[in-house]
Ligand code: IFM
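Quick setup: one chain, the form predicted on its own, written in structure tokens, and binding and motion questions come after.
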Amino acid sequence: MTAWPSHWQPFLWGAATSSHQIEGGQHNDWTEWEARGRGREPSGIAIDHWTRWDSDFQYLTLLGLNSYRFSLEWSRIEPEPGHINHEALDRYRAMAGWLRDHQITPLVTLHHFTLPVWVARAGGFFHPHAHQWFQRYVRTALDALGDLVPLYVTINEPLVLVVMGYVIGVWPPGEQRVFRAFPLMDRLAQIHQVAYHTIKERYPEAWVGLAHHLIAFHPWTLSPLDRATARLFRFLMNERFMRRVNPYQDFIGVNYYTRQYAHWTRGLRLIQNRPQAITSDLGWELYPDGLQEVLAPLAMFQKPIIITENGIATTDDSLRARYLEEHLRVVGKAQAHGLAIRGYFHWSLFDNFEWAEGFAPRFGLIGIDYATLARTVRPAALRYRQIIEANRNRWPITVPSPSE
């Protein structure tokens, strides 16, 4: 088992965001996609975090977080090939510096779905020089804030990027060509490997991983064909890529939200087709046992695990608090059974622009009034703070009752 550094917090209590979803004022492949009317609505200034970041960061201390996951926007840093925006880098450095000054560990994501326009127009990650372009961007980021950042996610949810952009086609570049999926998966694994070595060569003590989107796949019926289909999806979506990149990750990042059902002729189906389930506003089932199902197989890799995303889109904040509590109980039980889960990052710190779904889904611990951009601390955020306070230096973690 890879040892967790003794000078770090024993457990990272955090929240997560991504640049395009909160910063606003960007020009990348997603903003061009939105300008063509391909999304539900344009992201625009999002929640205007780019200009309000210092006041927004006050919520991190209010909630008692000791870590924060945020992403850098490649299109801001390198809007044209080789042209570096040092003002953007200075702001990202100020963010990382603020976090360190307040004893909050930065976890930086280098790629969270968006590409500079010039990369996208050249074919994105399929371009034969894409790994070199990404390596140049990574080196530029390390020059600016590598001395402040101990934890990195190179690529967020590589397989979601593949499926949504190249199979279903509802994200840029809008392709529906399944035969391109596997070559792109392998290409992303190569790009991650290059980024991993680039970071480790400069900062050997830094920890580098990916954020894998893992789904609890269940058969739609008990028929052998449905069971086999569920196993196939489990291998293709949860296992294949993980095995490929395992030698090049110091920790395993897990993004978990829900389960899906596999049918041998109809593919994947959400639980909304079964009305007894409790679901989010996106139709995703509240299924905390699925977190244990996706975590258990990771023991074979002998790596620390960080829950890099977990949350629910809902306007019912009591349901958000329940989701949080029930999933954290699973984390504590998994720790008690020997899994080295070293962090939990709730998605999201703020309501945000949720890609093809626009601004309607409400994932935030901090609510946003999009008419005024006013921020409101939700009760679930205060419940999260209570859980954090009850678990300072505790291992495994526990979830106290609200009255404790």
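Residues carry their position along the shown sequence, with the first being 1. In this text, all values refer to a predicted model and were calculated from it rather than measured experimentally.
The protein also exists as the form predicted in complex with the ligand; that form is not presented, and the subsequent description refers to it.
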query: Option touching the ligand, based on a heavy atom within 4.5 Å in the predicted complex, out of Asn255, Thr105, Gln249, Thr279; finding: Asn255
query: In the predicted complex, the one of Tyr59, Trp347, Phe359, Trp33 near the ligand [non-hydrogen atom within 4.5 angstroms]; finding: Trp347
query: Option from 329-337, 94-102, 133-141, 111-119 whose residues, in the predicted complex, bring a heavy atom within 4.5 Å of the ligand; finding: 111-119
query: The ligand contact in the predicted complex: Phe363, any heavy atom under 4.5 Å; finding: yes
query: Partner contact for Trp284 in the predicted complex: the ligand, 4.5 angstroms, heavy atom; finding: yes
query: Glu157, heavy atom within 4.5 angstroms of the ligand in the predicted complex; finding: yes
query: Distance check, Glu73 to the ligand in the predicted complex, heavy atom within 4.5 Å; finding: no
query: The ligand in the predicted complex - contacting residues of 349-375, heavy atom within 4.5 Å; finding: Glu354, Trp355, Phe363
